[in-house]
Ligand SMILES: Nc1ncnc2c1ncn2[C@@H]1O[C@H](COP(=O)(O)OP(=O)(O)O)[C@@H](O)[C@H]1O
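Shown next as structure tokens: one chain only, the form predicted on its own.
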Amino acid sequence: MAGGERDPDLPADRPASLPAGRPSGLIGKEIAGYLLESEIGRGGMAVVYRARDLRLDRTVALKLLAPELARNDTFRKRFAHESRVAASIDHPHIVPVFDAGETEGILYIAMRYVAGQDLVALLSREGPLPPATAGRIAAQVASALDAAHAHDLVHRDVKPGNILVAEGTDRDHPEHVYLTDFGLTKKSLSLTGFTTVGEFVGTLDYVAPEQISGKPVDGRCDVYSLACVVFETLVGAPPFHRETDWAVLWAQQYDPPPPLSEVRPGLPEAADAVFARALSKSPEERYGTCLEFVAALRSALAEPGTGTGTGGEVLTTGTRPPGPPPAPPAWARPVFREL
């Protein structure tokens, strides 16, 4: 459908295509029992609103899908199935799905509204993160992805924009991370004619080679994407950042990842091998799970002499040589009496 044409099947006051680049005009309207309060995000096939659940009087994130998707029977069936599967996953790092359905020719899905920011905003404000922080975030995302894979859900679009970072519970857990966009997995689009042969749905900087070439994918494509995201959290840019989209596509399929220790001096060379495996062009050569990748990375980053550990502790070189401890300072002698 052309951007400026109106679909005659839609009501006169509804825009022809919700994900267009202009405001949708739906703010203040009630849809399926949800009052739309503000727009909080949009993509090629959906717009996400902050909305008020009028039945339970709570704030939710309401995703409205493009009207043309609702008219595709295959997509509607897969949307219903995948929404039920997503709602059945009870995991602390997956945004809970509250409701999904169709109203007036529009497919919608209601999710928990997460107060916070996405990883894009965090990296924009903070720049490259300390290895301990990057490790904590990676572990939470990895846990969510492995849980989804256990339910035969492959995300296919792991990227900083789909990782939400909220305030944590205490000093040992300063952030709580949510992975979102599970209610609509990208396989649905590929099975409905909205993508053509050789085309993929994903984000270029984080997409696995097998997605680009149109080959079958499994959870190991999410391992690859997660590795791209974690690399960016450590150095400030994804591993295959290039000037043009075509150059990114080529690099994702054929170029080896740059060594982490060269891009960010001071990090251990052991991490280079971890990323080389996670970003292998062949799925068979990658880590089998996301948590396996993160565990290997955190272990590499915690090597002595690297300057930081995974738990926030500082590791230093040039430690005191073996022998008896030094005498306590003068002010401590009343406490530490000599035996």
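One rule holds for the numbers: they count along the sequence shown, beginning at 1. So that the term is clear: the rigid core is the largest set of C-alpha atoms that superpose within 1.5 Å between two forms. All figures in this text were calculated on a predicted structure; none of them were measured in a lab.
Missing here is the form predicted together with the named molecule; even so, the following discussion is about that form.
Of the stretches 218-226, 173-181, 260-268, 144-152, only 173-181 has residues with a heavy atom within 4.5 Å of the named molecule in the predicted complex.
For the chain shown alone, V95 is a contact residue for the named molecule in the predicted complex, at least one non-hydrogen atom being within 4.5 angstroms. Although the partner is absent from this view, S83 stays clear of the named molecule in the predicted complex, with no non-hydrogen atom inside 4.5 angstroms. In the predicted complex, the named molecule sits beyond 4.5 Å of every heavy atom of F75.
Among residues of the shown chain, Y113 is one whose heavy atoms approach the named molecule to within 4.5 Å in the predicted complex. Just one of T133, Q140, N162, Q211 comes within 4.5 Å of the named molecule in the predicted complex, counting any heavy atom, and that one is N162. Listed residues V274, L301, V48, L36 were compared with the named molecule in the predicted complex; V48 is the one with a heavy atom within 4.5 Å.
No member of the trio P283, G288 and A296 reaches the named molecule in the predicted complex with any non-hydrogen atom inside 4.5 Å. Of all the residues from 41-65, those having a non-hydrogen atom no more than 4.5 Å from the named molecule in the predicted complex are G41, R42, G43, G44, M45, A46, V48, A61, K63.
Once you line up the core between the shown form and the other one, the Cα of A61 stays within less than 2 Å of where it was.
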